[in-house]
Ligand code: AMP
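There is one chain below, alone, in structure tokens, taken in the form predicted on its own.
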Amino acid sequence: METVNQSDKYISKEIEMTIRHLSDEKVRHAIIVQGYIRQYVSDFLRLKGYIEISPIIISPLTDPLNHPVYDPMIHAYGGDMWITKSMIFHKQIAVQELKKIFIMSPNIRLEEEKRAETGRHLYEFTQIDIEALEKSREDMMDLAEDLIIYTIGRIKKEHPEELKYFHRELPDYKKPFDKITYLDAEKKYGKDFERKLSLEAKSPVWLIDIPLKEREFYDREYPDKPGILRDMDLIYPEGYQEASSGGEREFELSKILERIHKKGQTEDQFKWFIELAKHGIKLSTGFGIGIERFTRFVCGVEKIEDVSPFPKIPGKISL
């Protein structure tokens, strides 16, 4: 990752840009909408019996991800800890006793600079992380659909003035959302299938049955379809692309170890999680929804930085 020159001139320019950004009326309205989204999502999950737990900021265990990022490490107390990229392992641990949980989880993913061009990526963002014990992928897809419909419905009903400001007319989405397998989407639309699928869709659509090579080791394979995971990504319509990512989790020790080796990783990287699996864990399923992306979609804005008071855009040191 390239080093940014932090001269006084650069810092002064960034401060001026931050002040202009915060004074932008569009940004202010988007931040207000984001506050409602946080509230309504929390209300919905509590009504469904989910317990909110506090986020993890640093840990010796975090998501390996399946695409390149710079991994900041902290050395302390005689060991190494990572800044949280996602709470995937902590969710799987906590849910063994708490059954149904959610977290407003800050994530740090220092993405490649080219990601700044998408309008969808920040390297610091908040994820609504949700996990439930002994629930299937289909159970959690049903929950996610209800959550999306409930949250958008309340905003339309209680704060139409905010949508009017953005000239945004959102339909009353109906469930179940359409589904398409990863391989079918790739066959129909080509390598750029997510963008094309999103542009064509009139309602959120599920991308399911994702190949193992496209995901991390911790998601569960079909017992009768080697190499295909019981995963689900939710795709927003209108070209807004990924809304959510999730799936069922591997919980058998032998399969966890097999998957780590298949991904070319080492048992030492995940020794904390392996030790947990030795004690015995049950199946859980979960997903995460990016708050900023949800806000961007609801408001219908082009750039994700316009929904955050202090946006962290890949490739830049920002306040």
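Keep in mind that this is a model prediction, so the values were computed, not measured. We number the residues from 1 along the sequence you see.
One more form of this protein should be noted, the form predicted in complex with ligand AMP, which is absent from this view; the next part is about it.
- Proximity to ligand AMP in the predicted complex, taken as a non-hydrogen atom within 4.5 angstroms, holds for one residue of 90, 137, 121, 220, which is 121.
- The single contact residue among 151, 245, 84, 198, judged by any heavy atom lying within 4.5 Å of ligand AMP in the predicted complex, is 245.
- Contact with ligand AMP, judged by heavy atoms within 4.5 Å in the predicted complex, is confined among 235-243, 173-181, 96-104, 199-207 to 235-243.
- By the 4.5 Å heavy atom rule, the three marked residues 127, 288 and 304 all count as contacting ligand AMP in the predicted complex.
- Using a 4.5 angstroms limit between non-hydrogen atoms, residue 231 is distant from ligand AMP in the predicted complex.
- When contacts are judged by a 4.5 Å heavy atom cut-off, residue 259 does not count as touching ligand AMP in the predicted complex.
- When ligand AMP is considered in the predicted complex, residue 216 lies well away from it, no heavy atom lying within 4.5 Å.
- Interface residues of 84-112, taken as those with a heavy atom within 4.5 Å of ligand AMP in the predicted complex (partner not displayed): 109, 111, in sequence order.
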